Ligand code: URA
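Given next, in structure tokens, is a single chain: the form predicted on its own.
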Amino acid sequence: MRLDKFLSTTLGITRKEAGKLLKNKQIEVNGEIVKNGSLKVTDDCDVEFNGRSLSFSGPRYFMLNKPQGFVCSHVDDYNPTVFVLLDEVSPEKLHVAGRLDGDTTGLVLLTDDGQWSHRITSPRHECEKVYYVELADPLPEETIQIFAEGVQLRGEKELTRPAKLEILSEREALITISEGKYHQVKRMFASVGNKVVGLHREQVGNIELDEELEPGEYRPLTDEEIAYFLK
């Protein structure tokens, strides 16, 4: 992470204010005064502000607009991971709360708070997720009722939980599910003879993807967004 961003995060100030601290020689890294805000800070760095050691405190929470082609794991032999998009100290300590497939885009939540992410991913909490879907073939109106009753997926013993389907056009829809079976949305539409050609997650619980985030960009969650899964 850049030093100016590290100062902004740990001190709760703007990057412009962090730049002033650097200019005024108030910041030391590993015992030396540093004025360059672009200096990369790692776990091994000892950063001090007027003699006071700085470090991240408490868990971290982020939303990311995941681009296509990135995977939600720390290591992959063939594809880039979402963690290379993060300019954060110790990104390896963060994990994804509810993964997306490599070809699926949209809202990804990242944290180092295991209990918080468990409330999103545990089936018993029935956390709702909203997806925008593009389909290969026209979508019959009766699919709404079929999904509301639950469908039988190949290899599964039980029906899916009731899902809400809103048809936007003959090949576009919004679907809300409250579980996270493997490739669930794609398999649900396959069960009614259709094929998903585009999939984008728009919402998890009450957390909606920030429209200002371009693909590959991220931001910290607000206190209100974090609190939703702490209830």
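Values in this document were obtained by computation on a predicted structure and should not be read as measured data. Start at 1 with the first residue shown and count on from there.
Another form, the form predicted together with the ligand, is not on view; read the next lines as being about it.
In the model of the complex, the ligand sits beyond 4.5 Å of every heavy atom of Met63.
Contact annotation: Leu100 falls within 4.5 Å of the ligand in the model of the complex, judged by heavy atom distances. When the ligand is considered in the model of the complex, Thr143 lies well away from it, no heavy atom lying within 4.5 Å.
The ligand in the model of the complex comes within 4.5 Å of no heavy atom belonging to Asn194. Among the residues Lys164, Lys35, Lys186, Arg171, the one placing a heavy atom within 4.5 Å of the ligand in the model of the complex is Lys186. Partner contacts here mean any heavy atom within 4.5 Å of the ligand in the model of the complex, and among 75 to 83, 154 to 162, 101 to 109, 120 to 128 they occur only in 101 to 109.
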